[in-house]
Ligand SMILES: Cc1cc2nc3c(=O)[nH]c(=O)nc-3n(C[C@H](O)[C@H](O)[C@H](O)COP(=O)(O)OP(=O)(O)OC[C@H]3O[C@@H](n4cnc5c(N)ncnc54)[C@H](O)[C@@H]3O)c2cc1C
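Consider the single chain below, provided in C-alpha coordinates and representing the form predicted alone.
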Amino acid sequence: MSRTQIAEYARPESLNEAWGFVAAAGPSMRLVAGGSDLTIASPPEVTRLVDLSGALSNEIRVTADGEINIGAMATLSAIAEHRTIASHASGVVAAMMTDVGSPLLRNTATIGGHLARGKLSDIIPVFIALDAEATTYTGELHTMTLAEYYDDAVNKQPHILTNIRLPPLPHATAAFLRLSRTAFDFPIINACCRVDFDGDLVTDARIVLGATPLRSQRASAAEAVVTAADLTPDGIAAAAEAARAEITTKGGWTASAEYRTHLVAVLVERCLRQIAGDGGAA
(Lines give C-alpha, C1' and ligand atoms only; values in the text may rest on other atoms or scores of the structure.)
Protein backbone atom coordinates (compact mmCIF):
# COMPACT_ATOMS: atom_id res chain seq x y z
CA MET A 1 0.00 0.00 0.00
CA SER A 2 1.53 3.29 -1.08
CA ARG A 3 1.76 6.00 1.57
CA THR A 4 0.36 8.44 -0.97
CA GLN A 5 -2.64 6.21 -1.62
CA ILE A 6 -4.46 7.22 1.58
CA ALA A 7 -6.34 10.48 1.14
CA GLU A 8 -8.43 10.44 4.33
CA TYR A 9 -7.85 9.24 7.90
CA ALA A 10 -10.38 9.41 10.73
CA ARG A 11 -10.19 8.41 14.39
CA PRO A 12 -13.71 8.48 15.87
CA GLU A 13 -13.97 8.71 19.65
CA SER A 14 -17.22 6.78 20.17
CA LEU A 15 -19.04 3.77 18.79
CA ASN A 16 -21.81 5.97 17.39
CA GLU A 17 -19.32 8.14 15.57
CA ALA A 18 -17.47 5.09 14.26
CA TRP A 19 -20.71 3.51 13.10
CA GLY A 20 -21.45 6.61 11.07
CA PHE A 21 -18.36 5.87 8.98
CA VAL A 22 -19.21 2.15 8.69
CA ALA A 23 -22.82 2.73 7.68
CA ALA A 24 -21.71 5.04 4.86
CA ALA A 25 -18.74 2.88 3.86
CA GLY A 26 -17.86 1.92 0.32
CA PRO A 27 -14.98 -0.05 -1.20
CA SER A 28 -12.61 2.87 -0.63
CA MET A 29 -12.83 2.59 3.18
CA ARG A 30 -11.17 0.14 5.59
CA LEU A 31 -11.51 -0.13 9.34
CA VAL A 32 -8.20 -0.22 11.19
CA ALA A 33 -7.68 -2.00 14.49
CA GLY A 34 -4.07 -3.18 14.77
CA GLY A 35 -3.51 -2.54 11.07
CA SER A 36 -1.35 -5.62 10.50
CA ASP A 37 -3.39 -6.87 7.53
CA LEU A 38 -3.33 -3.51 5.79
CA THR A 39 0.43 -3.21 6.11
CA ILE A 40 0.79 -6.49 4.21
CA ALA A 41 -1.73 -5.89 1.45
CA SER A 42 -4.42 -3.38 0.57
CA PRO A 43 -6.50 -3.12 -2.59
CA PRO A 44 -5.60 -0.07 -4.68
CA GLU A 45 -9.12 1.35 -4.24
CA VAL A 46 -8.61 1.78 -0.48
CA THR A 47 -8.07 5.51 0.10
CA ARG A 48 -9.85 6.05 3.46
CA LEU A 49 -8.89 4.60 6.84
CA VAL A 50 -11.04 4.68 9.98
CA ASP A 51 -8.97 4.01 13.11
CA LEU A 52 -11.09 2.28 15.78
CA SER A 53 -8.59 2.66 18.61
CA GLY A 54 -10.42 5.69 20.01
CA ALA A 55 -13.83 4.00 19.99
CA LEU A 56 -13.01 0.52 21.28
CA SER A 57 -11.47 -0.81 24.48
CA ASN A 58 -8.29 -2.86 24.85
CA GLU A 59 -9.17 -3.92 28.40
CA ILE A 60 -9.31 -7.52 29.54
CA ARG A 61 -11.73 -7.72 32.48
CA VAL A 62 -12.44 -10.74 34.66
CA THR A 63 -15.64 -10.98 36.71
CA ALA A 64 -15.89 -12.54 40.16
CA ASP A 65 -17.23 -15.79 38.71
CA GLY A 66 -14.43 -16.10 36.14
CA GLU A 67 -16.03 -14.65 33.02
CA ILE A 68 -13.40 -13.06 30.77
CA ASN A 69 -14.33 -10.01 28.69
CA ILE A 70 -11.79 -9.03 26.05
CA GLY A 71 -12.02 -5.63 24.39
CA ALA A 72 -11.65 -5.76 20.62
CA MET A 73 -8.48 -3.62 20.69
CA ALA A 74 -6.63 -6.03 23.00
CA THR A 75 -3.54 -7.33 21.21
CA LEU A 76 -2.84 -11.02 20.81
CA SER A 77 0.25 -10.57 23.01
CA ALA A 78 -1.82 -9.00 25.78
CA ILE A 79 -4.22 -11.94 25.66
CA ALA A 80 -1.41 -14.50 25.69
CA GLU A 81 0.25 -12.83 28.66
CA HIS A 82 -2.87 -12.28 30.78
CA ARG A 83 -2.65 -14.18 34.06
CA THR A 84 -6.26 -15.38 34.19
CA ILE A 85 -6.32 -16.40 30.54
CA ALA A 86 -3.12 -18.36 31.13
CA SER A 87 -5.05 -20.66 33.47
CA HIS A 88 -8.42 -20.64 31.68
CA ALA A 89 -9.40 -24.14 30.45
CA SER A 90 -5.93 -25.45 31.33
CA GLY A 91 -4.25 -22.55 29.55
CA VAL A 92 -5.21 -23.52 26.00
CA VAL A 93 -5.61 -19.92 24.78
CA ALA A 94 -2.19 -18.77 25.93
CA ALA A 95 -0.55 -21.93 24.57
CA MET A 96 -2.26 -21.53 21.20
CA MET A 97 -1.33 -17.86 20.90
CA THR A 98 2.37 -18.71 20.82
CA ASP A 99 1.71 -20.39 17.46
CA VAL A 100 -0.03 -17.37 15.92
CA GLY A 101 2.43 -15.57 13.67
CA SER A 102 5.53 -13.95 15.12
CA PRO A 103 5.95 -11.96 18.36
CA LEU A 104 6.02 -8.74 16.31
CA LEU A 105 2.70 -9.63 14.70
CA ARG A 106 1.12 -10.57 18.05
CA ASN A 107 2.26 -7.24 19.52
CA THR A 108 0.30 -5.39 16.83
CA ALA A 109 -2.64 -7.56 15.79
CA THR A 110 -5.83 -7.12 17.80
CA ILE A 111 -8.39 -9.78 18.62
CA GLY A 112 -11.18 -7.72 17.07
CA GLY A 113 -9.35 -7.22 13.79
CA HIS A 114 -8.22 -10.82 13.67
CA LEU A 115 -11.71 -12.26 14.16
CA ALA A 116 -13.59 -9.70 12.07
CA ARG A 117 -11.46 -10.33 8.98
CA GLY A 118 -12.91 -13.87 8.88
CA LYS A 119 -9.83 -15.55 7.47
CA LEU A 120 -8.09 -18.84 8.28
CA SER A 121 -7.12 -18.82 11.94
CA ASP A 122 -5.81 -20.86 14.86
CA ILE A 123 -7.77 -18.66 17.26
CA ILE A 124 -11.25 -19.28 15.85
CA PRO A 125 -11.46 -23.05 16.54
CA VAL A 126 -10.15 -22.55 20.07
CA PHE A 127 -12.57 -19.76 20.92
CA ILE A 128 -15.50 -21.71 19.47
CA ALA A 129 -14.50 -24.76 21.53
CA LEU A 130 -14.55 -22.50 24.61
CA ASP A 131 -18.10 -21.29 23.79
CA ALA A 132 -16.90 -17.73 23.15
CA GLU A 133 -19.45 -15.00 22.46
CA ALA A 134 -19.01 -11.98 20.20
CA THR A 135 -20.64 -8.58 20.69
CA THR A 136 -21.15 -6.43 17.62
CA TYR A 137 -22.41 -2.88 17.09
CA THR A 138 -24.71 -1.87 14.22
CA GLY A 139 -26.26 1.19 15.83
CA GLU A 140 -27.06 -1.03 18.80
CA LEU A 141 -25.25 -3.89 20.52
CA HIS A 142 -25.87 -7.54 19.62
CA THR A 143 -24.37 -10.58 21.34
CA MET A 144 -24.13 -14.04 19.79
CA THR A 145 -21.91 -17.07 19.94
CA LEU A 146 -18.76 -16.84 17.87
CA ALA A 147 -20.02 -19.81 15.85
CA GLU A 148 -23.18 -17.86 15.01
CA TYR A 149 -21.06 -14.84 14.10
CA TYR A 150 -19.52 -16.90 11.29
CA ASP A 151 -22.30 -19.38 10.47
CA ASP A 152 -24.85 -16.61 9.96
CA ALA A 153 -22.28 -14.54 8.02
CA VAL A 154 -22.67 -11.64 10.45
CA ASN A 155 -18.99 -10.91 9.94
CA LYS A 156 -19.67 -10.27 6.24
CA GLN A 157 -22.22 -7.54 6.98
CA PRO A 158 -21.34 -3.96 8.03
CA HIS A 159 -20.65 -4.02 11.78
CA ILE A 160 -18.09 -3.23 14.45
CA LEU A 161 -16.86 -6.11 16.61
CA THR A 162 -16.57 -4.66 20.11
CA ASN A 163 -15.98 -7.45 22.58
CA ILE A 164 -15.29 -11.15 23.04
CA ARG A 165 -16.56 -13.02 26.09
CA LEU A 166 -15.16 -16.30 27.38
CA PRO A 167 -17.60 -17.89 29.85
CA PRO A 168 -16.38 -19.46 33.09
CA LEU A 169 -15.25 -23.05 32.55
CA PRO A 170 -14.06 -24.11 36.00
CA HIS A 171 -14.10 -27.85 35.26
CA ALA A 172 -12.76 -27.80 31.71
CA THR A 173 -9.52 -29.15 30.32
CA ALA A 174 -8.61 -28.29 26.74
CA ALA A 175 -5.88 -28.97 24.23
CA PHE A 176 -4.92 -27.45 20.88
CA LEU A 177 -2.74 -28.88 18.13
CA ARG A 178 -1.86 -27.67 14.67
CA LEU A 179 0.20 -28.96 11.79
CA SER A 180 1.98 -26.64 9.38
CA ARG A 181 5.02 -26.81 7.14
CA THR A 182 6.93 -24.29 9.27
CA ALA A 183 6.24 -22.55 12.58
CA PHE A 184 5.07 -19.33 10.87
CA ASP A 185 3.03 -20.94 8.08
CA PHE A 186 -0.75 -21.08 7.98
CA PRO A 187 -1.92 -24.41 9.40
CA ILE A 188 -2.56 -27.37 7.15
CA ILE A 189 -5.13 -28.30 9.79
CA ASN A 190 -5.72 -27.52 13.46
CA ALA A 191 -7.85 -28.95 16.24
CA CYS A 192 -9.11 -27.88 19.64
CA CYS A 193 -10.76 -30.30 22.06
CA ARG A 194 -12.37 -29.30 25.35
CA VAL A 195 -13.73 -31.71 27.92
CA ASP A 196 -15.65 -30.80 31.08
CA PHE A 197 -15.29 -33.08 34.09
CA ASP A 198 -17.13 -33.87 37.29
CA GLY A 199 -14.28 -35.64 39.04
CA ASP A 200 -13.19 -38.21 36.44
CA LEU A 201 -16.61 -38.30 34.77
CA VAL A 202 -16.98 -36.47 31.46
CA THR A 203 -19.99 -34.15 31.48
CA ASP A 204 -19.53 -32.25 28.20
CA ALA A 205 -17.19 -31.99 25.23
CA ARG A 206 -16.33 -29.71 22.33
CA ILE A 207 -14.26 -30.81 19.33
CA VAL A 208 -13.59 -28.17 16.68
CA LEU A 209 -11.40 -28.53 13.58
CA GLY A 210 -10.08 -25.64 11.53
CA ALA A 211 -8.21 -25.10 8.26
CA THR A 212 -10.08 -28.00 6.68
CA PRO A 213 -9.80 -25.53 4.77
CA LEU A 214 -12.89 -23.96 6.38
CA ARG A 215 -12.36 -21.65 9.36
CA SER A 216 -14.00 -24.15 11.70
CA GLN A 217 -16.12 -27.29 11.80
CA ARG A 218 -17.55 -28.77 14.96
CA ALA A 219 -17.45 -32.56 15.29
CA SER A 220 -20.71 -33.12 17.16
CA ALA A 221 -20.77 -36.89 16.67
CA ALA A 222 -17.26 -37.18 18.08
CA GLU A 223 -18.30 -35.03 21.04
CA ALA A 224 -21.17 -37.43 21.75
CA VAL A 225 -18.76 -40.37 21.70
CA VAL A 226 -16.54 -38.68 24.28
CA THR A 227 -19.47 -37.84 26.53
CA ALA A 228 -20.83 -41.39 26.35
CA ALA A 229 -17.57 -43.32 26.55
CA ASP A 230 -15.46 -41.00 28.74
CA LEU A 231 -11.77 -40.72 27.90
CA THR A 232 -10.93 -44.39 27.88
CA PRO A 233 -8.44 -45.52 25.22
CA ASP A 234 -11.26 -47.13 23.25
CA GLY A 235 -13.44 -44.04 23.66
CA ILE A 236 -10.67 -41.76 22.41
CA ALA A 237 -10.04 -43.97 19.37
CA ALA A 238 -13.76 -44.09 18.60
CA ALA A 239 -14.07 -40.32 18.89
CA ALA A 240 -11.13 -39.80 16.53
CA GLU A 241 -12.74 -42.08 13.96
CA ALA A 242 -16.09 -40.33 14.38
CA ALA A 243 -14.39 -36.99 13.72
CA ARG A 244 -12.65 -38.42 10.65
CA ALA A 245 -16.00 -39.54 9.23
CA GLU A 246 -17.82 -36.32 10.16
CA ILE A 247 -15.47 -33.53 9.13
CA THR A 248 -15.48 -32.51 5.48
CA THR A 249 -12.10 -31.65 4.02
CA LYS A 250 -10.92 -30.25 0.72
CA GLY A 251 -7.60 -30.27 -1.05
CA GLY A 252 -5.50 -27.19 -1.62
CA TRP A 253 -1.97 -26.07 -2.32
CA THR A 254 -0.82 -27.11 1.18
CA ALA A 255 -2.42 -30.56 1.43
CA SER A 256 -4.81 -32.99 -0.24
CA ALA A 257 -8.28 -33.70 1.13
CA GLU A 258 -7.20 -37.27 1.95
CA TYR A 259 -4.23 -36.06 3.99
CA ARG A 260 -6.35 -33.53 5.88
CA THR A 261 -8.94 -36.23 6.65
CA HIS A 262 -6.17 -38.44 8.03
CA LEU A 263 -4.92 -35.56 10.16
CA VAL A 264 -8.40 -34.95 11.60
CA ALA A 265 -8.27 -38.31 13.38
CA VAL A 266 -4.62 -37.91 14.36
CA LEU A 267 -5.02 -34.47 15.94
CA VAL A 268 -8.31 -35.29 17.70
CA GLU A 269 -6.82 -38.46 19.18
CA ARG A 270 -3.70 -36.64 20.37
CA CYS A 271 -5.70 -33.77 21.86
CA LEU A 272 -7.98 -36.15 23.74
CA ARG A 273 -5.03 -38.18 25.01
CA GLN A 274 -3.47 -34.98 26.30
CA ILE A 275 -6.70 -34.04 28.06
CA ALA A 276 -7.04 -37.51 29.56
CA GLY A 277 -3.59 -37.12 31.08
CA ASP A 278 -4.24 -33.60 32.37
CA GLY A 279 -7.82 -34.15 33.46
CA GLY A 280 -7.30 -37.32 35.41
CA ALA A 281 -9.77 -39.37 33.41
CA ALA A 282 -9.43 -43.13 32.99
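In this text, residue numbers run from 1 along the sequence as written. Just so we're clear, the structure is a prediction, and the values are computed from it rather than from any experiment.
Below, we refer to the form predicted in complex with the named molecule, which is not included among the displayed structures.
Student: When you measure heavy atoms, are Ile128, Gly210 and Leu214 every one within 4.5 angstroms of the named molecule in the model of the complex?
Tutor: Zero of three within 4.5 Å in the model of the complex.
Student: With heavy atoms only and a cut-off of 4.5 Å, decide whether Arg194 touches the named molecule in the model of the complex.
Tutor: No.
Student: Can any non-hydrogen atom of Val32 be found within 4.5 angstroms of the named molecule in the model of the complex?
Tutor: Judged by the heavy-atom cut-off of 4.5 Å, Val32 is in contact with the named molecule in the model of the complex.
Student: With heavy atoms only and a cut-off of 4.5 Å, decide whether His171 touches the named molecule in the model of the complex.
Tutor: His171 lies outside the contact set for the named molecule.
Student: Is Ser90 one of the residues lying within 4.5 Å of the named molecule in the model of the complex, judged by heavy atom distances?
Tutor: No.
Student: Would you mind picking out the stretch of 223 to 231, 23 to 31, 59 to 67, 242 to 250 that comes within 4.5 angstroms of the named molecule in the model of the complex, counting non-hydrogen atoms?
Tutor: Going by heavy atoms within 4.5 Å, the stretch is 23 to 31.
Student: Ok, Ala147, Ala109, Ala78, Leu179: which has a heavy atom sitting within 4.5 Å of the named molecule in the model of the complex?
Tutor: By the 4.5 Å heavy-atom cutoff, the listed residue in contact is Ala109.
Student: Which residue among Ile189, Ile123, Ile164, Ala205 has a heavy atom within 4.5 angstroms of the named molecule in the model of the complex?
Tutor: Going through each option in turn, the one that passes is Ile123.
Student: Which of the residues spanning 82 to 120 lie within 4.5 Å of the named molecule in the model of the complex, based on heavy atoms?
Tutor: Heavy-atom contacts to the named molecule in the model of the complex: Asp99, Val100, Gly101, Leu105, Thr108, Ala109, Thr110, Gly112, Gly113, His114, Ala116, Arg117, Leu120.
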